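Read the single chain below, which is given as structure tokens and is the form predicted on its own.
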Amino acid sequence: MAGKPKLHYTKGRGKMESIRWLLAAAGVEFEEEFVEAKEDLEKLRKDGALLFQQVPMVEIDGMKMVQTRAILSYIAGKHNLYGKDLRERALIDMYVEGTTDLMGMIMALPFQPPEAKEKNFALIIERATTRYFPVYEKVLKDHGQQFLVGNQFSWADVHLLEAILMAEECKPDILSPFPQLQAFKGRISNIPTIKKFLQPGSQRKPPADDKFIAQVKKIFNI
């Protein structure tokens, strides 16, 4: 029997957080080995564990997987969260790419200079409410189903809930104009594996604080 997946990354959200979310949604227990100093990253590089010299890296099924998208696709496919045919997989990919773009903007915000933050914060709210959330609201309204794709729980649903919660950290009432997304949030949050991941004490990571930002800058020479 294969051991638990082992995740190698910093002790924060970053690109690994969506991987944590997806594993948790699939009901997969995982271990974490944190990169807490530049030396930890250099050791992984020297050991040949990082194909492109970068984290995230996940040890899973005898592989040392890198590249966030590849890791997520593998987990989704393995745990039946990637649709039932090529068409559904294409829809899931499109929806995931949209939420990835939005979450990328939110994750980058704490690392930006103060003079850029106000402008970019406003841009995040504008993009979330005019470009991204209206798409998912319309999808749910048009097909009248519980989930985004194929009327079954998929990676796209997990990713959208993660994006919604991150956006609400920026603006708590951001879902006010989106009744379908409000209902979706309630449904997906109550799926047992997700509900467990949202409880205090889980492996879900908090938003970046000043201490974490300083640590990341030091590790990655930002």
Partner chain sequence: MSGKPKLTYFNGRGCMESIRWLLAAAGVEFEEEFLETREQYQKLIKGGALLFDQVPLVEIDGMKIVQTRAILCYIAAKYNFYGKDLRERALIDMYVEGTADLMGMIITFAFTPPKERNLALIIERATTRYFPVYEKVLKQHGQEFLVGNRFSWADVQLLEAILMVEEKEPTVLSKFPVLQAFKARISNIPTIKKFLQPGSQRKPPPDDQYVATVIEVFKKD
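What you are looking at is a predicted structure, and each value in this text was computed from that prediction instead of being measured. Residue numbers count along the first chain shown, from 1.
Below, we turn to the form predicted in complex with its partner chain, even though it does not appear here.
- With the partner omitted from this view, the residue of 168, 61, 42, 33 that lies near its partner chain in the predicted complex is 61 [heavy atom within 4.5 Å].
- The contact residue chosen from 78, 141, 84, 117 relative to its partner chain in the predicted complex is 78, the criterion being a non-hydrogen atom within 4.5 angstroms.
- In the predicted complex, none of the heavy atoms of residue 129 sits within 4.5 Å of a heavy atom of its partner chain.
- Contact annotation: residue 67 falls within 4.5 Å of its partner chain in the predicted complex, judged by heavy atom distances.
- Taking the partner from the other structure, its partner chain in the predicted complex has no heavy atom within 4.5 Å of any heavy atom of residue 183.
- Interface membership of residue 74, defined by any non-hydrogen atom within 4.5 Å of its partner chain in the predicted complex, is confirmed.
- Per the 4.5 Å heavy atom criterion, its partner chain in the predicted complex is contacted by stretch 46 to 54, the sole one of 23 to 31, 46 to 54, 159 to 167, 188 to 196.
- In sequence order, 82, 86, 87, 89, 90, 93, 94, 95, 97, 98 are the residues of 81 to 98 having a heavy atom within 4.5 Å of its partner chain in the predicted complex; the partner itself is omitted from this view.
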